[in-house]
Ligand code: S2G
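First, one chain by itself: the form predicted alone, in structure tokens.
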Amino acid sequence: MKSIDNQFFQTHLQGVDVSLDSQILDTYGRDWTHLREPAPSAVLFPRDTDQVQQIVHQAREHGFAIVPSGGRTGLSGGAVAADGEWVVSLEKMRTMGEVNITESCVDVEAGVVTATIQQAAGHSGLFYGVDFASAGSSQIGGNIATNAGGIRVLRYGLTRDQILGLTAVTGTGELLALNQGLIKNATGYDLRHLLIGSEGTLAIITGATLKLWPKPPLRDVLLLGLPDHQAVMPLFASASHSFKLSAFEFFSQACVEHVCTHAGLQPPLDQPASYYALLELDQVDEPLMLDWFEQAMDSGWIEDGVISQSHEQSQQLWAYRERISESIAPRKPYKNDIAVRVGSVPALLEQLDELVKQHYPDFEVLWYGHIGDGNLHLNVLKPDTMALDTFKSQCEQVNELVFAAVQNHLGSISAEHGVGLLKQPWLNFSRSAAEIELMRCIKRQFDPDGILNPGKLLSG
């Protein structure tokens, strides 16, 4: 690691807030994975895009790598600085413009927290469509860099579908202002979409123009107990043809038990079910809802269920799904975030369930996910007595089997968490050799010295 001190930054980056404090380095050098120890050399806090450009110029001139940092809620190691990099935190870039009601959009800097955007849109009678459990701490720049998904992709799409414009600083310090809020723009390659999901390897995202949606109508939330995972897809098919769904979530009884223990909640149903589906849909007449519910029970797809009767109860039902991640966090879970076409979910789930039972006989394994968009989360919990390195190594040995099954279904090894450090060695299970080489060529054009988030997404 190169030697560096405050005098260096005072000389070369006047006006940029910098910390060399060991506790700050540790905090900002990691994300939620906790599977790699951080070792950044400095944490920088720019206040505007000009300062980001200055940082990139100086890093390039003096041979330092940069790890862009948002809310650090990522689950793939994409924001980990483990080799003397400069962490560039965008958290002080939190300017948000007035919500443009006429055009249904808003301009934000990269450090604006997701929940802040949701609240501002709501106060203006509009809606920001991306939502997930970390909305209160994740930042929009990180959401864009990972093309974040969440619980309402079924209705509103991924973060990619919300981006009308983008500003970013490349690895040479050049400022890009892309699309600038236009709805129609047929002038060649749309570089905006190269940067969305690029995990900070091509440019540092500093701002965006976000699409907002009409405020949704009142919604019902249903929490349904299923006898087995075979019931998931016929239930989804029936619900999606009967209602206007915004979410269709899936989780196991083991997940419910962890949430109830962690959050002090009562079980959602009188009798536990093997699996659960949580549906969110535009409110319909009660007789129609009850008729569908009875038909689903008669078909054997559900054993019991509850329908929300108020906004407060809707939130309570969502807690059984949204609080899974926080409830298992102390167990240092090894997470696989995979996706296939919706129709392939049952076959993949059955195949992987047998695989993990065979190869993880002593580990507790939890299933949950966004079934409506083909996204499954496989979480393996670390035994309390096992060393973290040993646990990680054993999980990685099974990755090739898991990812080979996903590949056979023409799926993705990362649906919404990104590739980062943790999945980079297995990128070839989702991308062809030709694709990976083209990605490397693009990386060289945007970042010829390789200073932006090295080792993430692409090797070398």
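A quick note: this is a predicted structure, and the numbers were derived from the prediction, not measured. Numbering starts at 1 and follows the sequence shown.
Below: the form predicted in complex with the named molecule, not depicted.
> Using a 4.5 Å cut on heavy atoms, which of Phe248, Trp86, Tyr128, Tyr368 is close to the named molecule in the predicted bound form?
Replying inline: None of the others qualify; the residue that does is Tyr368.
> Quick one: of Lys332, Lys335, His229, Arg152, which gets a non-hydrogen atom within 4.5 angstroms of the named molecule in the predicted bound form?
Replying inline: The option sitting close enough to the partner is Lys335.
>> Please tell me whether any heavy atom belonging to His417 falls inside 4.5 Å of a heavy atom of the named molecule, as the geometry stands in the predicted bound form.
In response: His417: yes, in contact with the named molecule in the predicted bound form.
> Is Lys211 a contact residue for the named molecule in the predicted bound form, using a 4.5 Å heavy atom cut-off?
Replying inline: Because no heavy atom of Lys211 falls inside 4.5 Å of the named molecule in the predicted bound form, the answer is no.
> At the 4.5 Å heavy atom threshold, is Lys382 in contact with the named molecule in the predicted bound form?
Replying inline: Although the named molecule is absent here, Lys382 would stay clear of it in the predicted bound form, with no heavy atoms inside 4.5 Å.
> His258 near the named molecule in the predicted bound form, any heavy atom under 4.5 Å?
Replying inline: So His258 does not count as contacting the named molecule.
>> For the interface check, one of 275 to 283, 358 to 366, 321 to 329, 200 to 208 should have non-hydrogen atoms within 4.5 Å of the named molecule in the predicted bound form; which one?
In response: One stretch meets the cut-off, namely 321 to 329.
>> At 4.5 Å, heavy atom to heavy atom, what parts of 69 to 83 sit next to the named molecule in the predicted bound form? List them in sequence order, or say none.
In response: Residue within 4.5 Å: Leu75, and no other.
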